[in-house]
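Take a look at this single chain, the form predicted alone, given in structure tokens.
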């Protein structure tokens, strides 16, 4: 299993550096100093390899988020800690952020990226609903609010962590401030 992990890590680095289409199986195994047979022992194709990287990294992020909020009762504190944990994880794993972004525009990986995004939205919806019930957030569409929170995390991660190499705490502070202050002060949107 160590060789499989090495293939995943090497491919992740190469896909993030050069792009998925620009990286071949031959280049991955050459960098590792192994034959193609080793690759095909673990993966049937380059497509399967990237899908596994996307699923595995998303699962790792989600586990980190869940562990960080496990014993937190206050939903607004869970949202804050979830934001900070996500941004710290992306800071530590920039290559995965690059892959998440590019995979969303590559078939057949767009469906994997959408599924990962749907899970993130569903997780945020749960905490937002709890905050609405507790009166911490005005009663609004929780999915719309979750989309906004996840969108802010993604945008500020891309601009401040990925593009500008700012510290994760600085980007997280801005994200938390915007999301939590905005969420707490929103008045319901009138329904026509």
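For clarity, a rigid core is taken as the largest C-alpha set superposing within 1.5 Å between two forms. Since the structure is predicted, the reported quantities are computational estimates derived from the model, not experimental observations. Residue numbers count along the first chain shown, from 1.
What comes next is about the form predicted together with the DNA, which does not appear here.
- Partner contacts here mean any heavy atom within 4.5 Å of the DNA in the predicted bound form, and among 41-49, 144-152, 123-131, 55-63 they occur only in 41-49.
- Using a 4.5 angstroms limit between non-hydrogen atoms, residue 25 touches the DNA in the predicted bound form.
- Within 4.5 Å of any heavy atom of the DNA in the predicted bound form lies no heavy atom of residue 135.
- Taking the partner from the other structure, the DNA in the predicted bound form has a heavy atom within 4.5 Å of a heavy atom of residue 36.
- Residue 37 shows a C-alpha shift of 2 Å or greater between the shown form and the other one [criterion: core-superposed Cα displacement of 2 Å].
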